[in-house]
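Taking the form predicted on its own, here's one chain by itself in C-alpha cells.
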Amino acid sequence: MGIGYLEKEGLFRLTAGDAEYVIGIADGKYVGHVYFGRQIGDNRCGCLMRTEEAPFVPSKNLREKCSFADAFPAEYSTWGVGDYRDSCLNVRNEEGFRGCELHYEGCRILEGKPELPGLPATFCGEGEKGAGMTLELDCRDKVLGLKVTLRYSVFADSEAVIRSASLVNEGEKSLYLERALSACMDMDMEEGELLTLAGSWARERHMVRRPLAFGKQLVSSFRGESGHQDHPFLAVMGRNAGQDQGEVWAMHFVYSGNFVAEAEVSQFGSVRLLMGIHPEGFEWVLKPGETFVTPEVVCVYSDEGLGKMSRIFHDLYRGHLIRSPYLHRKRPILINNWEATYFDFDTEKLLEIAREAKQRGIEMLVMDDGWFGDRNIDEGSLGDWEVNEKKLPGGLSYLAEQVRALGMEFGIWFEPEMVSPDSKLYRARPDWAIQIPGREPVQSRAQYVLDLSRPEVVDYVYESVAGILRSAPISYVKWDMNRQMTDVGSACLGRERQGELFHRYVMGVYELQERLTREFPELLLENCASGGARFDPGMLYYSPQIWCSDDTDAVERLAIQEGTALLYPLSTMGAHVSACPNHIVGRVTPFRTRGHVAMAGTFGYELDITKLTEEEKRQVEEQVKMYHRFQPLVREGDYYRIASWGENHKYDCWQVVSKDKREALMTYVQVLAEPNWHSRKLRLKGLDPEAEYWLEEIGPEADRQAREGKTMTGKVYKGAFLMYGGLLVPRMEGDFMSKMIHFTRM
C-alpha cells in the first residue's frame, strides 16, 4: 500500500496489493485518469492520457479546447464546457447559468482515512497505524467560487480504491448542484462486457451480462431506496472474463438511496464509468460557506476474473465497513413467526413455537409484524408503536422474559419509517408524511412514508423504537421498509430545497441507525426493505446482516444468493429455512436442501416448527449442529463459485475455504435430475495444491449412503487433484437434491 506524488511527471500513484491506480495532471490543471490495473511501476505512464496527441492540451492548441475536453479521460468530469459525455458535476449559479470547469490547485497525502460526516464510509480500525492512506486533490472553479476536493483512500490489506468528493461554496452567492456524482473513470475498452445485478421483488440481484455497446448503458433507482430492480454496482470486463480469468473493473456505491451507475462508450472507443446519487429529482442548494459531501464509491480491479473481485469486496467490507460487534461473532439461530402465523398470533402461540424451537436447539424467537396498535391486517397502525395487550397480555416485557426463561433470546420487527393513514399518528400529524400539497398521496401497502428530513420526525421515530427496546430484554431488531417513495414533497423544506428531500431522507435513516447502534451497542440489527430492496453497502455500516429476499424458496435463492455473494460476504445474507409448499412460488423442496442453501447465510427458520413432522424436527437438530460446526468457516472464509445454475440450468455449486486453506466446505445442489447420466465432475478452488485433504460428506443421509458405498466419506485426495482433475459427485435421484462435503487438510 502506498501513495506517491511524482511532481516532475505530474502523476499520483496509488498502490493497493497487486493493483495500481494512477492519476495525472495534464497541462498543469486538468485532473485525468491514467491507469487502473495490475502494478506496472513505470513513471512514464502519463502518456496514456494521450495529451501529446492531437488535438493537444489547451496551452498548445486553444482553438480546439472543446475537442480536448470531449476526449480527455477525466477523473471528475463537469458539464457545460466541452465534454459531451455524461458528467459527475453540473452546477447552476444564481443567474441561472450552468457550467463548471475545475482546475487542479494542490494535494495532501494523509495517514489513515477521514470520516464522511453523516454518511456510512469505510474506515481504518482503531489503533491501526499505517493501515490506510488518503490522497486529497483540491480543484477550483474560480468563476463559481467552488472548491472540489477529490478523495482517494487505500488500505494495507485491500486492493480496493475508495473514492468520494466534497464540494465547498467559497463564493458570495448560492450555487445549485443539479448533479453531484461521486466518481468517474475513463478507460480504453473497444470490446468488452457489462455486468450488473437486476431483478424485482422476490427475485433480486440476478446477474445480467451483456456486451458493451456504443452509447449509454445504465442501471439506476429513483425510488428513494437502492431498490429491488437494480443494484448500485456495475463492472466492465474483457470478453474472456469468467470466474477465474480475465480483467474486471468494478464500482460499488456505499449508499442506500437513489443512484445511477453508468457505462458510456464514446465516439473514440473509450468507456466512461460513472456512479453517484441519481440526478433525477435532485437539486442541492449550496449556500456560501456550505459543504456537500458525496457518498463513497468502492473501485476494484481484478486480473483473475469475478472470483478475485468478489473476495476483494468481501475482505474490504469485513475489514473496513461493518462495525457491528457481531462481525466476527456467532449469530444466534433464530426462528421468525411471520410465515408461521402472519398476523394471527398471541403470547401463547409464540411461546408454543419457542418451546418446540428450544428443544431442537434454536436460540432466538423473533416476533414479526402485528404486535402493536390494532394491527391485525397490513392496513393500519404503522406509527403507533404501542404493544397490543389483547394479543400480548402482560405486554412485551412479559413475553420477552418468558422467552428468556426458556434459555432463548428475543427479537422484534419494526417498520419505523412508515405511517398508516389509519393510525393515531397520521390523524394527529398528517403533515409528517411525505406528500405534495393539494394532491391525494399515493398509497402503497396502505401506507405513506414519514418525512425523515425533519428533525422532529427523526426524534419521534427514534424514541418510538428506543422506548420499546428499553422496555424489555430485546437482543435483535429487524428494521423493515416496505414501500418506495412517491409524491416527493416536504412540508418544511421550502420551495428552494424540495430537490434535497431524497438525500435528506436517507441521511435521516442513517442518523436513526447511528443513534440506535450507539445506545444499544450489543443489539443485533438486521436491515430489510420488503426483502432485499436495501441490500447495499451503506446499510452494512449499521447492520452486519440484511434480509436477502422475501423469497425463501431454496431454488429461487440459488440465483439470488449467487448475485448477492458476488459482492457481499456470506455472513451478511439473511437466509432461512421455510415451510413447503413455499409461500411465494409453491415449490416443494427437500428439507435438507432448504437447510444447505440457507447455511450459506446467517441461517434461521421461517415456519411453524410445531407443525413439522418428527423427521423434519430431527433434521432441524442436525442442521443446528451443522451450523455450529461450520458457521465460523462460512463467516470468515474465502468464497469461490464452482458452477452456476443460472448458466448451466442443471446444477449449482459453491465453496468456502478457510484463510489458511486447512478446511473447505462445498455445497452442491442438483436442481434438475437427468436421465442416463453418471457422476458430475466438479473442480474445486482455493486449496493448497500440495496438501492432502480428507473428504467427509455431511449429515445422516450421507452416513446411510456410506454404508451402501455411495459416498466419498473418508477418502483422501491431493489438493492439486481436486482442483485440476476434479471430484466426481455421484448422481442423485430426484430434483432439488443437495450435498455438503467438508475437506480437511491432513
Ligand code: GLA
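So that there is no doubt, residue numbering starts at 1 and follows the sequence shown. Keep in mind the model is a prediction, meaning the values are calculated, not measured.
The next section is about a form of this same protein that is not shown, the form predicted together with ligand GLA.
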- Task: Tell me, yes or no, whether Glu417 is in contact with ligand GLA in the predicted bound form, where a contact means a heavy atom of each within 4.5 Å.
- Result: no
Does the 4.5 Å heavy atom contact test between Ser543 and ligand GLA in the predicted bound form come out positive?
-> no
Can you tell me if Gly132 lies within 4.5 angstroms of ligand GLA in the predicted bound form, counting non-hydrogen atoms only? no
- Query: His103 near ligand GLA in the predicted bound form, any heavy atom under 4.5 Å?
  - Reply: no
Exactly one of Phe520, Phe123, Trp338, Phe282 comes within 4.5 Å of ligand GLA in the predicted bound form through a heavy atom, and that residue is Trp338
Partner-free chain; cross-checking ligand GLA in the predicted bound form, the single residue of Lys625, Arg439, Arg329, Arg445 with a heavy atom within 4.5 Å is Arg445
Counting only non-hydrogen atoms, the one stretch of 662-670, 528-536, 115-123, 85-93 within 4.5 angstroms of ligand GLA in the predicted bound form is 528-536
Near ligand GLA in the predicted bound form, with a heavy atom at 4.5 Å or closer, the residues from 349-369 are Asp368, Asp369
